[in-house]
Each structure stands twice: as structure tokens, then as C-alpha cells.
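As C-alpha cells, one chain now follows by itself in the form predicted on its own.
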């Protein structure tokens, strides 16, 4: 049974999506309306499905629905009708984030956070969050009659019933597990672990991990998996304090790497790192492909700039390019999915180009590109203070990527992108130099810039606000630098 609320959302899509224009070519958007967190990123009947937090009626956050797309290669996406709307008592104020799994009987199960707001005796609105389920066939989904399936009485005593959300489900042998974000008794983030024999009836297992006020407060959008012999937990903390250049303040992202104590069912973390160092990355979610790859996607935006919109666009928010994950040297590394290479078109390459003054190279431009730049000193024992790559350039407008070898940092600055709002525009992050050489892979898709450093040791994601026609690039340095450049135009005809 499709509710009136979901019918309205689907009718709105049917009426207005045909007018969607100037969309990114391979980054997921709703086409119209607002999106934020990726949800339900999963394999179902051999295809990859992605849902997302969605408000179709405006380019600002509203009562959360679930939008829906699918793909066979992570690059070309087919848009499907909205999957869920807030239409029951337990989710009347929003269908918040969640995940999905394919059941043995062939159905697709969605588990999500249902939100309801109640006014307390003091006249203050309080939010209550529980975990709910819908099942379907890859297009239409029906919420089960016994929702919610994980309730307030299934969290540890003293923990918050108001901050309890974003379940991530997976199957392990004959059992299902899910993790959910919560605020603990110390008022900082915790990740709670649950298990089930059938994915419908759940029981609490343990607190898998806790912030203890070290990495932010409420931990949102957890994802837990094993990769390359390590157990990995991804979380998106709120109210982070900055820690050097590794973690920025505000709404952040953290990767904990370690091993689960199977007796206590808790993660013994041995390292923590940022997942992405850019201005625009939140709420990552992963899936495991049939050939064993772990692929991650995230919301390429941040809450601090969520009110800043490009006027002529009827959509707001986009996802990152899907990324293949690995663990190398104790770090979580990430690179664009290999399928992106199938869309490479014309190639332009230069080797051993000496850079000092501002230089533009013929054929090195564009806003729909896959480009790799290698930077090293010119001559044995040579030094330089910095190297700068400018992209999305048009007259005085551009976005700068500046590498400083002595500091071991990259700074990305979009201050002069031409966007007339005082938003966060600069982010600096640490990188390593291998054999005195730095390698950057640059992925651009009209309104986005994603940087992958040294084969994915660091990644950084940014929304671009320069006009899509601003496509020039240039390079300069303080000191003599040799570079190699290999650029492919991306084609989706």
C-alpha cells in the first residue's frame, strides 16, 4: 500500500524532474529538492541501490523522505521513485538515515530511524527516535506492522532516547547485526550493537565503541566492517573540537581501526584518522561488492554551508564519487571506483615540465576531468617552498590547491571562487611525500572537486561554486618544480 504522502512525493517527482537541468554527470543528486546522508547503500539482485535523505519540495532540509537510485557500475545511475515518506505515527516527523540488506527470500529490507516530536510537560518539544523496517522489491516498500523494531527500552540505562539513530545492518553467517549511533550517559557519542536471527526481532548486545568525549559528541551514521585483516568503524561526530590538522571542528568524520574483542563485543581501536580532509564530506556508508571490494559513498556537503546555494540550480546536495577502500600502512586509503576509468575520453599528457612562473598547458582544462599530477623538485637536491594548482578558473575566479613540502600539507582555498557569501572556504591537511614526489589525482564534475593524494592515503572533497563554464587551469611555484600531468576528459554519451 502506497501512502498518500508517498504518492504526493512521487507525483511531484513525475511533474518536475523532467525539467531538471545542469546536473552533475556522475555524482548522485535528487535532480530536484534537497538531499543529505546516503542511506541503504546495498547490493540487491545484482545491482547497487542507493537511497538518500530527501526533501523533494524545496532546496532546504524538511521532513525527511528517502529518495532512490540504482546502478550497475557506480557511475551511471537510474533514478527510481521515492521509496519512503513520513506517514506513520512512529515516523511522522521524518524517516531518518538507515541501511539495507537482501533477505534470503529475495526481499529488500530497509532499516531506518523513525522520528516523532512530542511536547513535554514544560512545553518544550522533545525528539524521540526508534529503529523501523520496511521491505520491498527494489522499487516499492512497505513498512512492517510491528514497527518500531528497536525501541527506547533497548538502549543502556542513562543513554539518550532523543539521540538514537542511523542503523547500519549486515549479515554475518546465520545472524544479522546492526550498529546505531547514540549519546551515552556521559553525553558523548557511543555506537550500540544489536543482533537478530531474522532481521526483524532484535536484541541489544553491547556498546561497540564510545567517544568518552575525545572525538566529538553525538556519533552519527556509523558503519562497521572488516577489511584487510582489520575491524573498521566509521562515524560522523557532532560538536568536534579540532585536533591539529587531522580533525576539523564541527561536524566531522572519524575512522577507528582496530580489532573487536569477541568476548566483550567491543572495538579495541589502535588508531584514529580523518576519513576525508575536505570541507564537504559527511555520513559515509559502505557496501561489499560481489567480487569482495568495499565501496564507500558520502554526502558531499557540510551543515555549516547548507544555506548557501547556487541560485539557478533546483537541487541541493550531491554524493561523492564512490570509492574503493583498502588498508595500507595502518591507514584507511580510498580511490575512485575503477569503473570511472571506463568513461575516460580524450587524453592529454606532459612529462618533465618545468614550473616556476604561472603556466597554463594546452589541453589541461575542464570541469569534467580525471587528472593526475606528479610534483617533484627540479634537479638533484632542489627545493621549493610551494606548488599551486588553480582549477575552475575564469578571470579572477579560481580554486587553489597549494602544496607546501616543508610543512607536509596541502591547502585548498575557494575564497576567490566568486561565491558572494562568507562561508568556510579554506581547509589544510597533512600529507606525506614519497621519494620527494607528491601525486595528486583530481576528479571534477561541474560542481565538485575531489583530491586523492598518493594513491588514496588522503582524500579531500569540495563543492565548487565557480560557474560551470569556468574551466581553465594553471600552475605556478615558488622555486623550480618538475611536473608530470595526465588528463582525461570524462565522457558519458
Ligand code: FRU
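Numbering follows the first chain given and starts at 1. All values derive from a computational prediction rather than experimental measurement.
The same protein also exists as the form predicted together with this ligand; that form is not shown, yet it is the one meant from here on.
Options 434-442, 450-458, 24-32, 57-65; stretch whose heavy atom lies within 4.5 Å of this ligand in the predicted complex: That would be stretch 57-65.
4.5 Å heavy atom contact, residue 221 to this ligand in the predicted complex: Taking the distances in the predicted complex, the answer for residue 221 is yes, it comes within 4.5 Å of this ligand.
Partner contact for residue 36 in the predicted complex: this ligand, 4.5 angstroms, heavy atom: Looking in the predicted complex, residue contacts with this ligand include residue 36, since a heavy atom lies within 4.5 Å.
Partner contact for residue 97 in the predicted complex: this ligand, 4.5 angstroms, heavy atom: Heavy-atom contact with this ligand at 4.5 Å: present for residue 97.
Contact test in the predicted complex: residue 303 vs this ligand, heavy atoms, 4.5 Å: Residue 303: contacts this ligand in the predicted complex.
Non-hydrogen atom within 4.5 angstroms of this ligand in the predicted complex for each of 51, 168 and 320: Result no, not one residue of the spot touches this ligand.
The unique member of 387, 202, 277, 282 whose heavy atoms fall within 4.5 Å of this ligand in the predicted complex: Looking at 387, 202, 277, 282 one by one, just 282 meets the 4.5 Å heavy-atom criterion.
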